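Before any questions on binding or motion, here is one chain by itself as structure tokens, the form predicted alone.
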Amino acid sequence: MNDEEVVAIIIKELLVIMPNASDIASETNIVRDLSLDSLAVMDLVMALEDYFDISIPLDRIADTETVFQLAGVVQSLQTEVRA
């Protein structure tokens, strides 16, 4: 999957959690711009883990701010799973 596809899936999952959100883009800061609390972040993480069949370590999430950075984490973990 390329960056754009992963970003689109993350945005889709964010819209499930926050149906009234608008203008979510790859540079959107997940916590600051969307005002997600820790429970909503965990819901997002679990949804992405299920969708991509990966396990996302919490320390990787703590260092992730934007949708694009999260897409990079997902792709990196997918690569590790395949290796």
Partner chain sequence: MSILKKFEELRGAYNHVKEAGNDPFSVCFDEILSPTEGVVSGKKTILLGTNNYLGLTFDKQSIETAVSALRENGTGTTGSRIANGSYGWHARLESNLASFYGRDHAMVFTTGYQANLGIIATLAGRDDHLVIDADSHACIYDACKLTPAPVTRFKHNDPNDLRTRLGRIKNNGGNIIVVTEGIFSMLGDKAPLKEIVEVTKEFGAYLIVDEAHSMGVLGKHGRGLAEECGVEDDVDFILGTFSKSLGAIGGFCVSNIADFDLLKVACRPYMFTASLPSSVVASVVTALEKVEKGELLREKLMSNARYLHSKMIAAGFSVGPDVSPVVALRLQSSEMAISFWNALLNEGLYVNLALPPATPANMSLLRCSVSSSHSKIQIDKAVALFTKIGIEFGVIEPELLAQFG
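Numbering follows the first chain given and starts at 1. Predicted model only: the values in this text are computed from it and were never measured.
Note that the form predicted together with the partner chain isn't included here; everything after this is about it.
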4.5 angstroms heavy atom contact with the partner chain in the predicted bound form for residue 80: yes
Proximity of residue 59 to the partner chain in the predicted bound form, heavy atoms at 4.5 Å: yes
Partner contact for residue 49 in the predicted bound form: the partner chain, 4.5 angstroms, heavy atom: yes
Residue 29: touches the partner chain in the predicted bound form, heavy atom cutoff 4.5 angstroms: no
3, 8 and 22 each touching the partner chain in the predicted bound form (heavy atom, 4.5 Å): no
Residues in 36-58 close to the partner chain in the predicted bound form, defined by a heavy atom within 4.5 Å, in order: 37, 39, 42, 43, 46, 49, 50, 53, 54, 55, 56, 57, 58
